[in-house]
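Below sits a lone chain in structure tokens, taken as the form predicted on its own.
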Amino acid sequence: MAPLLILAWGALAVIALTILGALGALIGQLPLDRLLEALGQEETLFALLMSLRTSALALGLALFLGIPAAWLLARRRFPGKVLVETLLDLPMVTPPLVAGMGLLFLLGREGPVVGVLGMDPFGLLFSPAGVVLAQTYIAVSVLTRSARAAFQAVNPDYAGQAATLGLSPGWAFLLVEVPMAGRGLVSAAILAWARALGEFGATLMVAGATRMRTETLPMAVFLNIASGETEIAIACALLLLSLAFCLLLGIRALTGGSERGAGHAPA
């Protein structure tokens, strides 16, 4: 057992020290006064507000689409379910640039949306709306997968009992299943929001990299590193890391404060 413990502690130390080293190297690139100056730059503030606005909208759309879809996957069997679940997981493993390329071709002037529906969604591309679209595409996959697990942890008999008391299936879903899966659903939403905040590749393809227009925090890091403005790039990177850290702490607070998982009924 001793060799295994030594290996395990050594592996943990290497991983943790590497992460701490990368964070420390990033933080140590700028003196505090220059970092504060970079954080107060108009471009940095624009990127921060753009990221918060677009990711919040993306999260709202992901919740609207992902929660019902996750419930259906958790509660119903249907032909081809395995294929559908695999399809929904694709955005999480597909390179974001590839996902963005697909969205670009889908919504372009010669894409199938224009040809089949007779609509021209080109206004979504290379605009703030395109940022929301790209973030939603990625976030909804994360949310659906996590929310499905939350609903699976809820005993469906509780909704059945609510139906015997006169609740319709819709109200039983809203008043019984959603609250019982609430902790898992909130964790899923936080994960999806964090993923939307950090989205870069699909956003680059769908919304472009335009300063002070489609410039989210990841885009600001890319643009300023490419142009040699490292101070703003570092400031935006640290803002991203701070937001991600706070969101992850929120998940830990939700899941680590009780041994009873989401979906278990109180005594």
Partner chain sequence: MPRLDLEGVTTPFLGPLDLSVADGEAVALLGPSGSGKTTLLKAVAGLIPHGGRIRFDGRPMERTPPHHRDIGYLSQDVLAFPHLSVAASLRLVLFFDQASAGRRAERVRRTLELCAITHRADRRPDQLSGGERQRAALARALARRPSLLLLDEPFSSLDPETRRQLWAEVGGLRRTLGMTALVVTHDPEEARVLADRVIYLRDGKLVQADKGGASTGARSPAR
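All values reported here derive from a predicted model rather than from experimental measurement. Positions refer to the first chain, counted from 1.
In what follows, reference is made to the form predicted in complex with its partner chain, a form of this protein that is not presented.
Its partner chain in the model of the complex comes within 4.5 Å of a heavy atom belonging to L165. Residue contact check for V176: one or more of its heavy atoms lie within 4.5 Å of its partner chain in the model of the complex. Under a 4.5 angstroms non-hydrogen atom cutoff, its partner chain in the model of the complex has G160 among its neighbouring residues. At the 4.5 Å threshold, heavy atoms of A194 stay clear of its partner chain in the model of the complex, well away from it. Checking 102 to 110, 166 to 174, 89 to 97, 71 to 79 against its partner chain in the model of the complex, the stretch whose residues place heavy atoms within 4.5 Å of it is 166 to 174. Only one of M180, A189, I138, V132 lies close to its partner chain in the model of the complex, with a heavy atom inside 4.5 Å, and it is M180.
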